[in-house]
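Form predicted alone, single chain, as structure tokens, below.
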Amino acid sequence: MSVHRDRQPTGFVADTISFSSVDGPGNRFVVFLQGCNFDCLACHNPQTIPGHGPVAGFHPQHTAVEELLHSIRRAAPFVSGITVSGGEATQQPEFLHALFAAVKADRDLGHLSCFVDSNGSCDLRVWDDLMPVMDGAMIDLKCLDPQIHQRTTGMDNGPVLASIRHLQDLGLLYEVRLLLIAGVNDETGLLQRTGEWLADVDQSMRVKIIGFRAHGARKSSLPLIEPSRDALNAAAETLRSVAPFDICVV
């Protein structure tokens, strides 16, 4: 993948949050990029899916790196890093690299860690290109079963699994996130197989189990049901029975 940086690219930015405690380690400045290559049934931000043109009732903006740096500088005393999410952050790799590189080169911002929150469905060369300027990636594994993954996201999970392995090899895999939907991707045998696959990558991997919340989610053609807290805890125990993962349940 050839990336040209003779100019500073602009990003198609959906929104920013100057302070978040749920988008990576510590408190973080979060940038949400517009455009996603998945069409998830359980999406809570469907307005960020379109990658071009106007979005009804929503106003993503083409934003220069320096504009974001100005906002990040104001937040810098109160955060430990920045996270770029989406949409899907890796759909805008040139901008992502330019932003992280600018943060690392800035004497007032260089101490901030740079993380990506991603669905993992991208060319592996994107991660190779980001490696010098990125501190970690959080990858959503919607489902290990390829048919369920296709049905719930509209996309193949092969690139996601490849990204998880590749990021681990690069030393940049911070966390794998499992969004569980009752009756869709939380069957015990499937979780067992998921744990075995993850353990083959790293038995001490950080895994976050997230229960689907209906509030704020898009309307779906399938009935999507929230898992109970007991079901989420049981899922964690299933994974722990496979390997000593670092698991948190939210």
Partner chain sequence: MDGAELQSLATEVVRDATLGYDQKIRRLAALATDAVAYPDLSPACREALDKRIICDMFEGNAPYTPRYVLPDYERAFRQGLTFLELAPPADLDDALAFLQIMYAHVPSVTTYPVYLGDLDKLLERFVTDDISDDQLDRKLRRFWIGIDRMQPDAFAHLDLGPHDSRITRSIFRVERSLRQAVPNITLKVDPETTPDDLVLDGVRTVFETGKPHFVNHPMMVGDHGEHYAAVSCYNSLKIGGGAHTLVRLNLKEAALAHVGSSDEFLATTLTKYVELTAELGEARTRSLVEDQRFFETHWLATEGLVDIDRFSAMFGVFGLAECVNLLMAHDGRDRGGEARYGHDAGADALAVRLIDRVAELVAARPMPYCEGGNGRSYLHSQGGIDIDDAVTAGTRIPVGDEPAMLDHIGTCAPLHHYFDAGVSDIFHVDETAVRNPEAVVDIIRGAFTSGMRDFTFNLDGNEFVRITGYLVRKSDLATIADDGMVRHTSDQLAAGSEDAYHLTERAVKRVGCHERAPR
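Positions refer to the first chain, counted from 1. From a predicted model like this one, the values you see are computed outputs, not experimental measurements.
Not pictured, yet referred to below: the form predicted together with the partner chain.
Visitor: Though only this chain appears here, would Val242 touch the partner chain in the model of the complex if you measure heavy atom gaps against 4.5 Å?
Guide: No - in the model of the complex, heavy atoms of Val242 and the partner chain never come within 4.5 Å of each other.
Visitor: Wondering, does Ser228 line up within 4.5 Å of the partner chain in the model of the complex on heavy atoms?
Guide: It does not: once the partner chain is placed as it appears in the model of the complex, Ser228 has no heavy atom within 4.5 Å of it.
Visitor: Counting only non-hydrogen atoms and a 4.5 angstroms cut-off, does Thr48 reach the partner chain in the model of the complex?
Guide: Heavy-atom contact with the partner chain at 4.5 Å: present for Thr48.
Visitor: Contact with the partner chain in the model of the complex for Pro223, defined as at least one heavy atom pair within 4.5 Å: yes or no?
Guide: Looking in the model of the complex, residue contacts with the partner chain do not include Pro223, since no heavy atom lies within 4.5 Å.
Visitor: For a quick test of understanding: in the model of the complex, does each of Phe12, Asp129 and Arg165 have a heavy atom within 4.5 Å of the partner chain?
Guide: Looking in the model of the complex, the three residues Phe12, Asp129 and Arg165 all stay beyond 4.5 Å of the partner chain (heavy atoms).
Visitor: Quick one: find which of 72-80, 118-126, 143-151, 93-101 has residues within 4.5 Å of the partner chain in the model of the complex by heavy atom distance.
Guide: Careful reading of the contacts points to 72-80.
Visitor: Scan 179-196 and write down, in order along the chain, each residue with a heavy atom lying within 4.5 Å of the partner chain in the model of the complex.
Guide: Not one residue comes within 4.5 Å of the partner.
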